[in-house]
Each structure stands twice: as C-alpha cells, then as structure tokens.
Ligand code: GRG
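Here you get one chain, nothing else, as structure tokens; it is the form predicted alone.
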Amino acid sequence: MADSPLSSRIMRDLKRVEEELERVVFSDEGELCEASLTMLRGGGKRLRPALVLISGQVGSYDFESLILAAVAVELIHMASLIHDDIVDSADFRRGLPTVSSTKGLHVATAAGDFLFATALVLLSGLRSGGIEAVRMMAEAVNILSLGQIRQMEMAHRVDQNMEDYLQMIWSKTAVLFATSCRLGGLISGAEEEEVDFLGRYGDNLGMAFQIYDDVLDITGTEESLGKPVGIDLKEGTVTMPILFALEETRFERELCAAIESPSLTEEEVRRGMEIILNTRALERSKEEAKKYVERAIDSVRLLSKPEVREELVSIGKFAIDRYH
C-alpha cells in the first residue's frame, strides 16, 4: 500500500504472505492455476491478511501459523471476487479482464471453489486452534454466500431501506474483515475478551470500507477503480449514496427508473449519477463511514498491547484521511 499506515514489520511479513500465495496457487496445474493466478496478479491492498498479522500481535506472534491464516483469508477474498464477477457478468476488475471473461464461467466457478477449499485446508493444518479456525472461516464463507444471494434478490428494487443495505454490506464485506481480526487473535492465544474487541474492530472497519467503496463508485475514475464508474447504478445495486439520493429527491421518477431498468444506456447512467451528485448523498455517506471508523477505533482502546492499538487506530485514521 502506498503511503501505508502499516508498520515495517507487518509490511515485511506481508511480502512473505505474497510469496506463499503464489506458491499455493502454483500448487495446482492447468486452467485452475492460470485462472487463480489471473486474480492474484490483479493485486489488491492485502488489507485482510494485514489484519490477521496485526491482530496476531495481541498474544504470541507465531508467524508460521499466522501466515497460513493470512493466506487463507486472502484466498477466500479472491474466491469471493471471482464468484462476484460471475454473478455481475463483469468484464474487468482492477483494470484487468476478469477470470470469467477470459476463461469462461465453468473454469471461473471451479477456480473460486478451488480457492475456497484450499483456504480451509490451510487452516486445518494450524498447530493449534485449527478446528475453531476452520469453523470460523466456514461460517464467514456461508455468510458471504448468503450476502451475494441477497444482493441478487434485491437488485433493481427501490423498495429497500438502510437496514437492508447495512445487512447486505456486513454480509459481503465486513464479516471477512471481522473474521481476519478474530483469526489473528485466536491463533496468537489472545484472551477471549480481546478477540471480541478485535472482531468488533473488523466489523466496523469493514462497514466503513464498503461505504467508502460505494462512494468511490460515483466519485472515482475508471482508471483509479479499474472498472467503469457507476457500475452499482447500472447493475441496480442500491447503495448508501443511492438511498440518500432517493430520500432527498423524494424518489424522483428518473432516478427510480434508472435503478429499476435492467439495461441502462451510458447516457442514462450519466444522468442518474448527475442526480445523485446534485444531492448531499455523498457527503452524508462519507460521514456515516467516518462514524463506523470511529466505532472501530473505540473497539480497540482496551487492547493490552499498545503497538497493536496504535497500528489499528492508524489504519482507521488513514481510511478517513484518504477517503474524506
């Protein structure tokens, strides 16, 4: 991460995580390896593995065990993105062609399944806490799957409320942030109370990151996002900025029609974005995201290791400074 809030120790250990990710992906041969490598080389912040490592400092920092969990978390994230792209019929992610667009739906589905399974196998090999780690991750994968189904069911519907949206982003994003933090604490042998603090931090940070991501879908550029802007509106995904815009415009007919349409033209997407930009929806959404970051920071005030507190607080402040 450029201008990263992470310590030199975590940055160094993340390089080992990256090497291990490549090794795991190359352990298979043929199309699954190629498909998985496509996703891996697309890059990413590797924030979830970083959270595993940082949280692992709360107890005894057993890097050889933590690296397995860090790799497993990123494999789960990669798998979920492959499956998201299948569902969304997405052609690009992070500026590169998606696995489904280059390898086809069958290979992409198999690649996602391969990564899910590999992650659970890695966790089962932990020296201690493996059974609980597998249970924790399997539960997270289940919630991720339900979140994706829920998003599909709610697409192109304007009869949604903020509670629906918050439940959806918890399922599709925050749960894996929280699981990353809990895994690190669990593997390090942290006290149950501290594992709970870490989980709450991850929950709130994940919520904030998804809200900021939904704002960027409107304010960003195709170059910075690695995909077309306004994709949420085009796919009928009702995000926080869209909900606020609907509220402020009193469900303006043109915006409602854009959300409900299964096939918007580029001009209709542009017009829908213009309507949103003419409200306070983006400012209000960023303020809500900031509140989640502040809750995340409050969640770790009582952690026993000051260096862990400082690093987690630094990530939260970095998010606010970067996206505000």
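For every residue, the number given is its place in the sequence shown, counted from 1. Keep in mind that what you see is a predicted model, and the values were worked out from it rather than measured.
Heads up, the form predicted together with this ligand isn't pictured, but that's what we're talking about next.
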TL;DR on 73-81, 97-105, 189-197, 120-128: the one with heavy atoms within 4.5 Å of this ligand in the model of the complex is 73-81
In the model of the complex, the residue from 110, 141, 155, 231 with a non-hydrogen atom within 4.5 Å of this ligand is 141
Pick from 248, 235, 91, 213: which residue has any heavy atom within 4.5 angstroms of this ligand in the model of the complex?
-> 213
This ligand in the model of the complex: within 4.5 Å of a heavy atom of each of 11, 61 and 179?
-> no
Contact between residue 47 and this ligand in the model of the complex at 4.5 Å, heavy atoms?
-> yes
Just to confirm, residue 145 within 4.5 Å of this ligand in the model of the complex by heavy atoms?
-> yes
Is residue 244 a contact residue for this ligand in the model of the complex, using a 4.5 Å heavy atom cut-off?
-> no
Exercise: residue 165 in contact with this ligand in the model of the complex, heavy atom 4.5 Å = no
What residues, if any, in 151-168 have a non-hydrogen atom within 4.5 angstroms of this ligand in the model of the complex?
-> none
